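Only one chain is shown below, in structure tokens, and it's the form predicted on its own.
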């Protein structure tokens, strides 16, 4: 953790828009080096490169801007470097790995920014774990110096943690004793669930400011390997070679360039090539419209690779992800996100069949996994979500997942008077039944039909069929099917009602209802972030004028309300 004490400032509110698009040539905090089948990500944070004014990123501490670069680098390893078979995470600075989230940034950030910052960093670390589990690209974290707080959380995302045994290098989660907050909740969950650290050892570890070093860190399962300083570099090289040799990643094929997204911003919206975002600020609504393909799929996997980032499913996923992140961090007053689509469902299904036919191609696999992560991002967005399946829409296959991700879906019965658009239709594909698990490990349809697996089987039997509103409602695929008489009023009342409810109550309601069924490490992380960290970040013991987060680094001890709740 780095130093802190700054006046409260809104960060994302009232300041310039946070942009999640970057590229290696613009990195200020990370260096990506590729040597054959091993890539090394060096964390070398520019102290003066903070996303906002009022703090310096000392000791490799980070803010959201640092993590935006890390997330971008991970995506580029997936798509631009398919030959890489192992990744090493390490510091570019001497005697420190990472001091964690910058405390001056946290002390001055708005509540909404703090929580969304924690959410994005956890999604990025989940992405590192997904990189290993599903792309066959394992990660080794080589710690020389201090890995504190979020720095150790970054290490926890790796498959293998190496710690130099030099008498001073250590790992720690000091947020509770120093700041009266939790280590992003992902840190605690990974210590217990992923590394399976004993409860009593974890209790000592998470309440010890100076952390744990050497043999004790190894014995307590906090790291996987402790190496003397004189042998550390050779050991890291050898371990990277071992992991690369055992990687499941095929390594075949030429990578594609993730070219910059083409976006046009206006006062009330954003236009992408295949996505449009419109803001009705008075009604507190953001409408995201996804447009179907304008050309048939290519005739071969090689032709798909030649299209690169312009291949429609890949381009659409990247644009949707950017749109969701923009709403999360720049549009805090939005109460509801409305998903719409336009296009021909048959053309969307043609792309689904193309991806199925080329499922073994590395690029197809990465595109499917990208969609999985983007859809999870939608699931975890603290806004009310609604899908409007109208005449002329193309909620088919992968795009139908957005309808299943929403809190409610409305489907239009028949056609509007004087409208020649084709009636609303929903089309399922094989992808809806396995390609896109949620954080709970189940597909959205399996979660929907948890009470009766026969309903899931009935839906699967309709794969490839064009389902009208009546049939979709009977199958349980939409919430309401409405005709022209009721449509406008029902949708209007729903959106007005949603905007009138307490945002805090809605966040809790939606987070509790979206993830039925089994609990996983991933679902725990975000449930605990929503409930525990969200609450702690509002308590005076942490953020009050006499709280630990505000007084850290001032020489004054925090003053706590000692009553347990």
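Positions refer to the first chain, counted from 1. Predicted, not measured: the structure shown is a model, and the values here were computed from it.
What follows is about the form predicted together with another copy of the chain, which we do not show.
Asks: If you check 450, 470, 303, 346 against another copy of the chain in the model of the complex, which one has a heavy atom within 4.5 Å?
Replies: By the 4.5 Å criterion, the partner-contacting residue is 450.
Asks: Going by heavy atom distances of 4.5 angstroms or less, which of 247, 382, 135, 276 would be at the interface with another copy of the chain in the model of the complex?
Replies: Looking at the other structure, the residue within range turns out to be 382.
Asks: Each of 74, 80 and 356 near another copy of the chain in the model of the complex, meaning some heavy atom within 4.5 Å?
Replies: No, none of the three is in contact.
Asks: Does another copy of the chain come within 4.5 Å of any heavy atom of residue 177 in the model of the complex?
Replies: It does: once another copy of the chain is placed as it appears in the model of the complex, residue 177 has a heavy atom within 4.5 Å of it.
Asks: Hey, in the model of the complex, does residue 408 get a heavy atom within 4.5 angstroms of another copy of the chain?
Replies: Judged by the heavy-atom cut-off of 4.5 Å, residue 408 is in contact with another copy of the chain in the model of the complex.
Asks: So, residue 169 and another copy of the chain: in the model of the complex, are they within 4.5 Å at any heavy atom pair?
Replies: Answer no; every heavy atom of residue 169 is more than 4.5 Å from another copy of the chain in the model of the complex.
Asks: Considering non-hydrogen atoms and a 4.5 Å limit, does another copy of the chain approach residue 503 in the model of the complex?
Replies: Heavy-atom contact with another copy of the chain at 4.5 Å: present for residue 503.
Asks: At 4.5 Å between heavy atoms, only one of the stretches 195 to 203, 160 to 168, 315 to 323, 427 to 435 reaches another copy of the chain in the model of the complex; which one is it?
Replies: Selected range: 195 to 203.
Asks: Counting only non-hydrogen atoms and a 4.5 Å cut-off, give the residues of 548 to 565 close to another copy of the chain in the model of the complex.
Replies: The stretch 548 to 565, when checked against another copy of the chain in the model of the complex, contributes 560, 561, 562, 563, 564, 565 at the 4.5 Å heavy-atom cut-off.
Asks: Where do residue 529 and residue 495 end up in the model of the complex, Cα atoms closer or farther than shown, with a change of 3 Å or more?
Replies: Compared with this form, residue 529 and residue 495 lie farther apart in the model of the complex.
Asks: Between residue 155 and residue 530, does the Cα distance in the model of the complex come out closer or farther than in this form, changing by 3 Å or more?
Replies: Note: Cα gap between residue 155 and residue 530 shrinks in the model of the complex.
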